[in-house]
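Okay, here we've got a single chain as structure tokens, the form predicted on its own, with questions on binding and movement later.
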């Protein structure tokens, strides 16, 4: 989609459809200044009750001008004082969805708000709603919007357009990886995607470790999860150097289980929170971390960052690890396996310990980690835990800005008691509920004293309903969230 900021009145732009916002109870909305002589036509249409002003209601009107028919889509926004940034994002996505259903390809759309930040939300919502996954179809989807034009837009919006289009491109990159089935988005495919991002950028040093190399480095936990699969596992590490070496690095770690059968602790076909075929999405954390690298590289951010993605399948076989096994992690801590379906924390613990080698300013990990998080928070809030108030606050603010809400969960010492093992230093699951918090406490054992935040996106990465700007329910949650967090870290002097 091409996005243009144009110094023209809306009806001077050649378009298939014109989207005009309307607020409830607003008078004289179609001023001659903005709509020239046609404002009177529109005002008369409104006075005759032709426009629905309620939030996400639509109305249509057509008239001839400049030698052609102007097809107008009036987008109801309700009461102006109740219009939040997330409602702007949602309304804009609704407009895009409706425009596509009408077969419109070239759109002219008035601003829903004069605020630059609100404009970014409007652009995000519209562009995100235009996503579709057709990579594996013989016949490609044709109903995509080719151009979006904004009339009377100030020069300040050019930067917002450039930034937002790169961010959305990275979201789509992550969604393409996520939507690929387990036989397509393999560990090798994820590694290749990281290589493509790194290609041509001399600031990125990429290393993809094989499973045997990971084993030699002492990653017994990651190795044990991966050894049951015939598909070669990959441990992906990318270092981005956009600032002097003296500046500290931020480290981002993403869980990358490209298909999770549960291992020997086999998952049922249908559980309370998901279906077995959805387990292709268990690599969402890895996809979002690589997509974040794509944004930071593309926008030439003056920071240092490291992106780590342990990527493997979790399958049962004669070589697979078993309940009751005791694993030795890279940290030297031993782990008693109670369930092979709690594999995400087992690959992350080695990655988190590996992250300490960079003496990072902070560590962020992101994972579709626990079904308990879906039970606790549903599909509209990501679980957040951590050991540092500053970066937790930065992540919460990033959630507010991006619309990818985070919600902090407790890390009580009482929960940690359930991880004590008779046979090893720690068990991989506890008992008595609070599964998301217990998983976070397990990970906390491997981050040392470095500032750390854990994001559980089990409920928010996919399965989203009733969000018009997430048309397929696959949100790639974390890409926009971690980008906004990174900006907060820069502005706050952490990076």
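Numbering follows the first chain given and starts at 1. Since this is a predicted model, take the numbers as computed values, not measurements.
The protein also exists as the form predicted in complex with a small molecule; that form is not presented, and the subsequent description refers to it.
Please tell me which of 227, 85, 267, 100 lies within 4.5 Å of the small molecule in the predicted complex, judged by heavy atoms.
Of 227, 85, 267, 100, the residue with a heavy atom within 4.5 Å of the small molecule in the predicted complex is 267.
Sort through 345, 234, 175, 294 and report the residue having a heavy atom within 4.5 Å of the small molecule in the predicted complex.
Going through each option in turn, the one that passes is 345.
Contact of residue 369 with the small molecule in the predicted complex (heavy atom, 4.5 Å):
Residue-level check for residue 369: yes, a contact with the small molecule.
Just checking whether residue 462 would be counted as a contact of the small molecule in the predicted complex - the rule being heavy atoms within 4.5 angstroms.
Flag for residue 462 set to yes.
Though only this chain appears here, would residue 282 touch the small molecule in the predicted complex if you measure heavy atom gaps against 4.5 Å?
So residue 282 counts as contacting the small molecule.
In the predicted complex, does residue 429 have a heavy atom within 4.5 Å of the small molecule?
Looking in the predicted complex, residue contacts with the small molecule include residue 429, since a heavy atom lies within 4.5 Å.
Which one of these stretches, 333-341, 90-98, 354-362, 118-126, sits within 4.5 Å of the small molecule in the predicted complex when only heavy atoms are counted?
Heavy-atom contact with the partner occurs in 333-341.
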